[in-house]
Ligand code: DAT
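In the block that follows, a single chain appears as structure tokens, in the form predicted on its own.
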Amino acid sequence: MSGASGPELPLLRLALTGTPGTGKTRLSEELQGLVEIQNQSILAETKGFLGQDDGGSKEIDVEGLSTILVEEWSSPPEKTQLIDGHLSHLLPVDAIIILRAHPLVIDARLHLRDYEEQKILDNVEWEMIGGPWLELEEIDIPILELDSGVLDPNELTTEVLNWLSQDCAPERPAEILDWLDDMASKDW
């Protein structure tokens, strides 16, 4: 679907967020050409808000970056923008797309990426408890939640484009994915 001309989209800045391994980058690739894609880490580095923590991991000063972007983004973009990054929902965006996937899917995907075991466990636990939603409870902008463990990239793209073409309606999912409830209801 990349590069194809698509429906008329609202001129918004969208956050594409979710636990590592949910498919944010893959969905961004699918949407390339239909929207302008910005990687959150590159955006932070360009603006001087990307550093390193004591362990050598890249760390984004989201608060500093947001402060600068509030002014820079005071008017709508010329083309719909999608900011790809697991902290992008903390930036001054107009709407949020949150990708989720069953914790066992996250575990398998992160093992394929050769993540360290502790980092895999941390991300699996974050997804299991619905961590992405913990930071979204107080945010009052439209949010679309999609299960990338069930939908393939083409289906995810279709869902996003349909949602955008309907001016981000509905504004919130009717039910939030609950992996704990899902796992508790199965015979393991």
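Note that residue numbering follows the sequence shown and begins at 1. In this text the structure is predicted, and so the values were computed from the model without any measurement.
Below: the form predicted in complex with ligand DAT, not depicted.
- Checking 42 to 50, 131 to 139, 57 to 65, 145 to 153 against ligand DAT in the predicted bound form, the stretch whose residues place heavy atoms within 4.5 Å of it is 145 to 153.
- Put simply, Ser165 is far from ligand DAT in the predicted bound form: not one heavy atom of it is within 4.5 Å.
- In the predicted bound form, ligand DAT sits beyond 4.5 Å of every heavy atom of Lys119.
- Not displayed here, ligand DAT is kept clear of His102 by more than 4.5 Å at the level of heavy atoms in the predicted bound form.
- Contact between Lys79 and ligand DAT in the predicted bound form is not found at the 4.5 Å heavy atom cutoff.
- Along 103 to 142, a non-hydrogen atom within 4.5 Å of ligand DAT in the predicted bound form is carried by Arg109, Arg113, in order along the sequence.
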